[in-house]
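Shown next are two forms of a single protein chain, provided one at a time as structure tokens under the names structure 1 and structure 2.
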Structure 1
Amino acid sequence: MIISLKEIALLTESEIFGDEGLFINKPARIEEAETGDLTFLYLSQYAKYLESTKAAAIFVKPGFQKTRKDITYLEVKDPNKAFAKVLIHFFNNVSELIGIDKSAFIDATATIGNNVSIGKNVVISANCKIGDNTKIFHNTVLLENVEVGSNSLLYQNISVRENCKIGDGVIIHANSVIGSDGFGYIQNEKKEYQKIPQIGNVVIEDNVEIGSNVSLDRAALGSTLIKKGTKIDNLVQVAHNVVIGEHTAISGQTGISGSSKVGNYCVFGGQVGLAGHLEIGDGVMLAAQSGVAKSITKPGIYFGSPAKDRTEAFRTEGHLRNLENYVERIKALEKKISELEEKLNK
């Protein structure tokens, strides 16, 4: 693939400093770029690769010090976003899957839209509905009454349990489980657990993306709900009756306990844990490994376990780093006090 730099500059609204007639071979990371490639510089820790990169062109911020004369610079406010736009525009192809494989099982009562692709050994159970242009890869299993919208993409070895609803433009990565039973029991008088039937479902709205090896539990009653535009990373646990708002991003290995509600436009780092029955408002950002035991209503950045407001958490962190110093100061005070006492007693 050969792309004109002018076309890239137009797409990204960036300004060319250097060879305007350049053609690019492919996009690449700064440290891996080969002759003719396009790259970008965004985080300062990658600046060290500028001297040696073989890239022909590079996105940089306006006013960047252009020390190398053999590279063409593209100045733009957000070099990383501009680079992403190039990827989105020129490389937005997905894994190949064409037609409905004859080894797939599709129940006679299922409704399959136009231009749907279904891979080998896929199971589409009774009363399922699959929308137009949706692709379902090999060995994925949908139990009865599952609905998948249009233009969605389900990779391999996914398990979707009965009655779950998946919207349009949804991507689910391999080996994820949608609609496994919630972890709900009552203890009898002998302290043995009795299973509470989990008769709800999971609803995934449009344009949601779910990573690989994710577990989204079905609701005990009603629906576990992932609202539109939200992105969930790998190995995340979403318990029964959780609601996650719109355009929220949940990083890998995070766990959200039962019946908690997460707002819109939240961002959670990796390995975050939320207790059950909490309400997390819109615009809450939780740093990685945060543990949240109480509801958070105010937008802002929180971290720690238990999670605190960023200002408070940083202050506590600072004090912890200084503990040694505080202890020394207590010792010094004790020494001085006994010296003073001695003086006074004389």
Structure 2
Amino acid sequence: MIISLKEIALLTESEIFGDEGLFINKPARIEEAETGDLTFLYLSQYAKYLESTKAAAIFVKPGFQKTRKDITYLEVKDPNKAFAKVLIHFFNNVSELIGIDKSAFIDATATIGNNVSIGKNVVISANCKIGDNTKIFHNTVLLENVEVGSNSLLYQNISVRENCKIGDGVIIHANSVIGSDGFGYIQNEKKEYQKIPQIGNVVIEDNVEIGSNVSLDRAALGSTLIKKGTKIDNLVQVAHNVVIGEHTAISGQTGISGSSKVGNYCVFGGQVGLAGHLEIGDGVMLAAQSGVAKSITKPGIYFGSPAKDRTEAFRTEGHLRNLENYVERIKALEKKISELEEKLNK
């Protein structure tokens, strides 16, 4: 795709400094850009690549020092968002899948909408409902009574268990499992674990995106619920009866234990862990590797294990880093006290 720089400037409301007649081949990272590419400079640590990049044009913040004259600059308030806008508008291509492959199995009782694409070896079981314009890629299996809305995209090797519901505009990446059994057991008098039937389902609302290798466990009773607009990264575990609010972002390797409730507009860093039956309020941000053992209802940034308000956590971390010095100071004080006591005793 060849795009004029004027089109890009109009889309992003940016000001051109340089060759206004330039055409762009593709977007690229500043350190990897080739001749004809568009890139951006957002974080200061990437400024070191400015002198060596081969990019033809670059998004920068207003007032940026334009030392290279062979690059065209696009001044904009937020280069990162401007670059993302270009990607979304011009390069948002969905993998090609057209029609229904002859190797797919579709039960006679299933309802298939208009313009649905179904890949090789897909299984769509009894009483499933698939909305218009949805794409289901190769080897994906939908068990009985599954509902998938319109304009959704299910990539290859996804398993969706019985009775689960997926909304409109949902994207689920490869190898994820929707509706696996929750981790529910009870010990008998011999302390043997007996399985508790998990008879609920998973409900994924509209415009949710689920990464690859994610497990969303079905509820023991009722529904495990992922509300609209939420984004879940790769390798995330969501246990039975969890509720995740609207427009929340959860990074990779996070684990959320059973029956916990996460609010709207939350952000979790990588490897966050939540104990069971907790409540996380709206607007809570948990830094990477935070361990949450108690409910957090006040908006803010939290860090550590157990998770604390960021200011308190960083103060504690600072003390831990100085622990060796503290030990030496305490030893010196103890020695002085001992010497004073000896003098007083004499």
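This structure is a prediction, so every number in the text was calculated from the model and none was measured. All residue numbers here follow the sequence of structure 1, with the first residue given the number 1. What we label the rigid core is the largest C-alpha set whose atoms superpose within 1.5 Å from one form to the other.
Structure 2 is taken from the form predicted alone, while structure 1 is not. For L10, the Cα coordinates differ by under 2 angstroms between the two structures after the core has been superposed. For E339, the Cα shift between the two structures is 4.1 Å when the rigid core is held fixed in the overlay.
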